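Taking the form predicted alone, here's one chain by itself in structure tokens.
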């Protein structure tokens, strides 16, 4: 058994982006939101994700702009840290260690160097009461600093961050809990409390749900469970306070937000209608309906030109001030439960599962972006609790992605069950699926499972239902007209001893069909519809059923609540079995590997194996604390070349799974995850700075190539400047708005360019000495040439023959010989006897 080595479970795309209110940049070009353990930066124009600020190790619970620098943002997390980011460049600037889980953050311009956090000081993290703490941020040059100065502002505040708000730029803070509103004034250091009755004469529910403060006036707006909005005034005096009431929402008010100028108040709730109240004019309002899911949060830009609403269907809607929707940022929709399996569209390689009510969503895991929704029910959904409406419960693709089969139901919890089987054909023109056939009475009872044949030549759909039958659906010729028909019809109906079928699966070549009936597996031939054999399962109803792939196609796997069995179809005998409770069995379509999730001892373990060998290739203990019922293998964009036995199963496909808490997780290698986290996310001036186009042109590797091609110089030829390299590197790689003032950097930069005086003097002295020696040599050469010319003239007068002229090379060689010192020869001659 191979243990887990360097493979670990990580959160992948599809995190919630509606957990906390979003934040606009001051120029309204970007909108920031908390997404899992990261902060995402979106463009308000293109709706594209520009940066993902990664660094927290737990859920990000709040974000807010830095009032001292509008290009920076604070983020707090349940990991007990607060991080300061440069969201334009996607760089982590500083980390403040708090030491306690942080649930919300707020700042004010009047409180410089102080942030307000909502902490849970109790040992029980699920405590409903939190404490509001003022944290004095230490000024340090280190990137990671521990914040030790914590001062409590107020205790026993609501765990809902929407019930706490700063007023008038930080003069007071209002926080509500249950039926009590508290206002704390920082100067007076005094708290005023106001209470409401649980119900009035008309039976209204007066519990507080959200709080917002006017930016300039002494006015606090509160939302309540009965849909009313109260505007509180004169709250600095406990006995003379007053409030007025606004009412439009028929259910609880989820969020309130004043515009920056304070001229309007925005409210939202379960009705999915954005309501804009004119401040100072009673009941004068403007409505923007049909925005999708329930409105959870509202944010306004600093100039008041854009609004952003967060919805329960994991969506952000960007709205202009004239109440026109200008952008929609859709995340992975996560409802209370995923009724369909996790599927992969063979064409787009997108993840497909339940989305908006009555829809299937197509989500790109590679780009972490919602592609589109496919309306299956094709009916308007009414957002009201208690209504029984159609929901998509089953869906499956064929092997080529040309057909999609869906099942929608209504009345699952009642005896009046209504369901439809629909088949959708892919349209090349519209690049989407179009409804082809609707079957109103496919079975007499609920459909349990369905699957398409694995062959690309013929397409067949098999459904099993609680009525004790399984049916085969296919396209064929009409019996009356003998013409090919484009719609689907029933081709065969099968059963076995009036037992209820539970699962069905085709072999890799579609030559066999396996249908499980409680504890018995039946093998059928799709060509003749003859039952070939039966396999008797150990006691227990069969949960999962799947064939092996590639070289393991002769094996058939089945699971019960206690056992995992592998059958050999060539011998019709049990190959091997093991006693383990498998909650989900998922085969990899591109390899022989099969993944099995086992829940035991209050945690889930993963086993990856091949049907031909009972020994697991890979095991991972304690993957999560919940049961795993949804999983899927996603083809790798580029196949990996892992040689390690424990990671070879990730070469062609990557395993994704969904927990009961709706967390989408996957398995990654440590090296792959480290490669994904770019070093440019951190403000560290070292050799790990991200490679940019400018760095490619003038970077270090270009200098190294230059050094290899050119000869090395000595220190006298090229003086070194060690003090300038670090300074210039810091100037080039640090964002301008993060650097100190120019007056501080100027002297450092100029000094780095200057050469020391000692080096200059030595260089000048050495150059002067070289010039003097060269001049002396030239003078001596001229004297020798003059002597030679005189001797030549004398020789010409005495001798009639004329000596031939020497070449320049010979003259130089002669001069070199004349300069040679031959005094050693005289000593040698004198020493002879």
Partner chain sequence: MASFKPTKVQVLPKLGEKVTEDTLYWRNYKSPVQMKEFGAVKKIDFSPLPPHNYAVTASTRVHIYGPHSQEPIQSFTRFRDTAYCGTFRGDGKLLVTGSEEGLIRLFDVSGRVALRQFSGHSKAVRVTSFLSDGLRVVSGSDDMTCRVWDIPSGAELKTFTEHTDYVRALAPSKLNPDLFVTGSYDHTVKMFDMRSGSSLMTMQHGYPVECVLLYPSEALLVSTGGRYVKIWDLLKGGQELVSLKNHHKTVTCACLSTVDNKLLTGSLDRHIKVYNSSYKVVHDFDYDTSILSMAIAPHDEVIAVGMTNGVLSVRHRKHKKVNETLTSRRRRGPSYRVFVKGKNFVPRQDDFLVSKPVKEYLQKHDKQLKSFEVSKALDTALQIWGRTNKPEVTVAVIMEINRRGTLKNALAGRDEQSLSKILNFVLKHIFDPRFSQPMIMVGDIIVDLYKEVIPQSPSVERLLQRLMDVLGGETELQHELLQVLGILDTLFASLTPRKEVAALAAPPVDQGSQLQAA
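Numbering follows the first chain given and starts at 1. Just so it is clear, the model here is predicted, and its values are computed rather than measured. Superpose the two forms; the largest set of C-alphas matching within 1.5 Å is the rigid core.
This next part talks about the form predicted together with its partner chain, which is not shown.
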Review point. When you measure heavy atoms, are 208, 243 and 246 every one within 4.5 angstroms of its partner chain in the model of the complex?
Key: no
Study note, to complete from the structure: Note: its partner chain not shown here; in the model of the complex, the stretch from 82 to 90, 167 to 175, 552 to 560, 416 to 424 having heavy atoms within 4.5 Å of it is 416 to 424
Check your understanding: Taking heavy atoms only, is residue 575 within 4.5 angstroms of its partner chain in the model of the complex?
Key -> no
**Study point:** Distance check, residue 652 to its partner chain in the model of the complex, heavy atom within 4.5 Å
**Key:** no
Exercise for review: Report yes if any heavy atom of residue 389 sits within 4.5 Å of a heavy atom of its partner chain in the model of the complex; otherwise report no.
Suggested key: yes
Review point. Any chance residue 375 has a heavy atom within 4.5 Å of its partner chain in the model of the complex?
Key: yes
Practice item. Identify which of 600, 431, 444, 193 has a heavy atom within 4.5 Å of its partner chain in the model of the complex; exactly one of them does. Key: 444
Review point. Ok, 397, 506, 656, 473: which has a heavy atom sitting within 4.5 Å of its partner chain in the model of the complex?
Key: 473
Practice item. Counting only non-hydrogen atoms and a 4.5 Å cut-off, give the residues of 270 to 290 close to its partner chain in the model of the complex. Key: 288, 289, 290
Check your understanding: Core-aligned, does residue 541 move its Cα 2 Å or more between the shown form and the other one?
Key -> no
Exercise for review: Determine, after fitting the two forms on their core, whether residue 441 shows a C-alpha shift of 2 Å or more between the shown form and the other one.
Suggested key: yes
Review point. Rigid core fitted, then: does residue 190 show a CA shift of 2 angstroms or greater between the shown form and the other one?
Key: no
